[in-house]
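One chain is shown next in structure tokens, namely the form predicted alone.
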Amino acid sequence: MTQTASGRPLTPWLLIIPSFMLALFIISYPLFNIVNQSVHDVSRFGLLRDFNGLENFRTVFADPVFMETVWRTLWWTLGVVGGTVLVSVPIALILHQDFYGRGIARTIVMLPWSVSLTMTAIVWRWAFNDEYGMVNVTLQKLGLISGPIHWLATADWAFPVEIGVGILVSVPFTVTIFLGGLSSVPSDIYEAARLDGASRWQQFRRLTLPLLRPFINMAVVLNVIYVFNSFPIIWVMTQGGPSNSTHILVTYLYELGFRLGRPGEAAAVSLVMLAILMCFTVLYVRMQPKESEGA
């Protein structure tokens, strides 16, 4: 068998070269096109005109809506991911217990995962309708509000409502990850802890949480990437309105490229999004050795 200079077999590396080259092409070709568009004056129909350097970036950063959108995207990602983890941990702990009907309970929790995000957003848009939506009708019948609340037409309400919907749709996936983590924890350590007199809270804090940490990290990373680029909830429920108060970067990019006919600036925004995700990835990778050292 052919070997490298270090004595390792060369055949496995030769076998993965075609896949690697294909993956490299799939990634690099769109990236090249985006970079090329971001430094050109581009017509509404995608025709490249004159080279204009960083003009598209200057225009985007000079737009006050863009900077507000960047901060809102960070709040959106932090709120949805943080809320999802906080909600999913207790749900996973309950579903991990052995009780009658656990299979049905797990199915009910996982069922929303089988519905497309766009359909889910349409249902929630109906639920938060001002006049006949389920939320207003229920709250009025319970006597909690005296009149309908304009949930999606008010800047103060629309974005928190969308964060809440984002948390609900992210819970099934995150609970699945946590259930996988909990199933890998040996039960004998809990028996030993109980014999030592540890309370349920002490077992959770000293055993469950540390052992679940790798799965929490994985859920955070995957959810950050997914939520940061999530488009359907915001666009279906409010389309970035009212008055651009619910735009995140991906909806702002879509509006620039397809509604306002400014694909060059949309390409610049997409590169900014890529840079933010790269920063997060580098930060996460740098944190891993510290966690290992701490362990």
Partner chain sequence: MMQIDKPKLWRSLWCWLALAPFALIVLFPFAVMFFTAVKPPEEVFTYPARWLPSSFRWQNFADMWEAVQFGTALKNSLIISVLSTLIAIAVSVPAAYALARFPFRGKGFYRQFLLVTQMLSPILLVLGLFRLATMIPYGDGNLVDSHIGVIVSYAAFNIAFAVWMLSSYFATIPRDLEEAAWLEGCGRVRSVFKVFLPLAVPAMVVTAIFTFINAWNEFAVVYTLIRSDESKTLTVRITDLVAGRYSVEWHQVMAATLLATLPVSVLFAWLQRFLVKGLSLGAVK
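For the two forms, the rigid core is made up of the largest set of C-alpha atoms that agree within 1.5 Å on superposition. Everything numeric here is computed off the predicted structure, so don't read it as measured data. Residue numbers count along the first chain shown, from 1.
One more form of this protein should be noted, the form predicted in complex with the partner chain, which is absent from this view; the next part is about it.
Colleague: Between the options R206, R213, R125, H150, which residue brings a heavy atom to within 4.5 Å of the partner chain in the model of the complex?
Modeller: Partner contact (heavy atom, 4.5 Å) among the options: R125.
Colleague: Looking at N52, Q239, N36, S245, which is the one with a non-hydrogen atom within 4.5 Å of the partner chain in the model of the complex?
Modeller: Spelling it out, the residue with a heavy atom inside the cut-off is Q239.
Colleague: For the chain shown here without its partner, which stretch in 70 to 78, 102 to 110, 189 to 197, 155 to 163 has non-hydrogen atoms within 4.5 angstroms of the partner chain in the model of the complex?
Modeller: This holds for exactly one stretch, 102 to 110.
Colleague: Examine I27 and determine whether its closest non-hydrogen atom to the partner chain in the model of the complex is within 4.5 angstroms.
Modeller: The answer is yes: I27 has a heavy atom within 4.5 Å of the partner chain.
Colleague: So in the model of the complex, does M278 come within 4.5 Å of the partner chain, heavy atom to heavy atom?
Modeller: Within the cut-off, so yes.
Colleague: May I ask you to check whether M287 falls inside a 4.5 Å heavy atom distance of the partner chain in the model of the complex?
Modeller: Residue-level check for M287: no, no contact with the partner chain.
Colleague: Using 4.5 Å between non-hydrogen atoms, is I91 touching the partner chain in the model of the complex?
Modeller: The answer is yes: I91 has a heavy atom within 4.5 Å of the partner chain.
Colleague: If we check the partner chain in the model of the complex, which of the residues in 217 to 250 reach within 4.5 angstroms of it by a non-hydrogen atom?
Modeller: Those in contact are M218, I225, Y226, N229, F231, P232, W235, V236, Q239, V250.
Colleague: Rigid core aligned, does the Cα position of V282 differ by 2 Å or more between the shown form and the other one?
Modeller: Moves: no, less than 2 Å.
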